[in-house]
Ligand SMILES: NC(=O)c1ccc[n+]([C@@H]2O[C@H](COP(=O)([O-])OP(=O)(O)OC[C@H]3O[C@@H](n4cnc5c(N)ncnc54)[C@H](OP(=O)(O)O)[C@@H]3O)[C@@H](O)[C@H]2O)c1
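Given next, in structure tokens, is a single chain: the form predicted on its own.
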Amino acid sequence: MGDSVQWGILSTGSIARSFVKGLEAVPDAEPVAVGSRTQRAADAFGDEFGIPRRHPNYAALANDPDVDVIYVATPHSLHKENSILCLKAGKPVLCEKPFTINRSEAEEIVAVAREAGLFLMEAMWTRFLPIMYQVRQWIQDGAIGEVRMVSADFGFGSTPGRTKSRLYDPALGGGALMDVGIYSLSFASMVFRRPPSRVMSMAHIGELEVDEQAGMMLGYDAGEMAMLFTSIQCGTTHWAHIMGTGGVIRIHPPYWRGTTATLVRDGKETVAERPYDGNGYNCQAEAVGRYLREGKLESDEIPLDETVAIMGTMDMIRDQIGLKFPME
């Protein structure tokens, strides 16, 4: 790897576009190659972002010698296949969240990466925002005492019945839980640093057989609780709260790309502002570049074992709400 991290972009959808736009704010990283299912799509994406190397299939991208690391941005149902393809070609991988369809698939990718000695990370970009570093520091310093409760939500309105949308396609791992519920589940995992011991869930499964909204209550072995909800039927508040025995941390909306948090303690409020350049995706890209230069094989902010455990929690939730995907 030279002075600049050379990124390969696997897929040309909206998330891939957001990631490449984020790379514009990373001085030592650049997208040098893109892979799509057709040459036409790869060329169009390359023209849009000035990416020189355009591949008509994912295997060609995975084997491009000029690529240092690959960002996998395909639909959820393809993450395992595409990530393993890249890893077996000797490429480190940043895979979009949710990492896979289920825990079994996550374990399979992780096993391949560890056997090959290659870097692998779930692209939970919220973990890398400057405000989240401040929040974690407050918790570590005991600023709110012992953490006892967490609440978070992420929902937006969409058009039910859009059969062409991946959101409503079970074959692509559609639904609220997989698309945006993962943010709140990952947030709770970040705070409590372990998986829940109990899960209680409720959801509305729509006509297209995906969850259109869901609520989850997670219980932990010391009695802590997390209350989370998600929707693709309606917008939600996008707040996140961490409540402890000595105070509260409020992450202002939308918490999943936030810049502001308030610490409430002893009747006093301390407001932290942590703006960032770019669209936020650049923060995780910077971290990946740093890890690669340091020779690390996984992230400190979201270790692979935690990613696997989160997928296990999602399996439990889906089992309770009766959501099973065709490929399972």
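Residue positions are given as counts along the sequence shown, with the first one as 1. For clarity, every value in this text was computed on a predicted model and none was experimentally measured.
This protein has a second form, the form predicted together with the named molecule, left out of what is shown; the following refers to that one.
Asks: Heavy atom within 4.5 Å of the named molecule in the model of the complex: which of Phe229, Tyr183, Phe128, Tyr255?
Replies: The residue in contact is Tyr183.
Asks: Using a 4.5 angstroms cut-off on non-hydrogen atoms, would Val308 count as touching the named molecule in the model of the complex?
Replies: Result no; Val308 lies far from the named molecule in the model of the complex.
Asks: Does the named molecule come within 4.5 Å of any heavy atom of Glu105 in the model of the complex?
Replies: Glu105: no contact with the named molecule in the model of the complex.
Asks: Applying a 4.5 Å heavy atom distance criterion, does Arg166 contact the named molecule in the model of the complex?
Replies: Because a heavy atom of Arg166 falls inside 4.5 Å of the named molecule in the model of the complex, the answer is yes.
Asks: Are any of the heavy atoms in Arg37 no more than 4.5 Å from a heavy atom of the named molecule in the model of the complex?
Replies: Yes, Arg37 sits close enough to the named molecule in the model of the complex that at least one of its heavy atoms falls within 4.5 Å.
Asks: Go through 231-239, 213-221, 133-141, 71-79 and give me the stretch that gets within 4.5 Å of the named molecule in the model of the complex, heavy atoms only.
Replies: Stretch with heavy atoms near the partner: 71-79.
Asks: Is any part of 255-282 within 4.5 angstroms of the named molecule in the model of the complex by a non-hydrogen atom, and which residues would that be?
Replies: Only Tyr281 sits within 4.5 Å of the partner.
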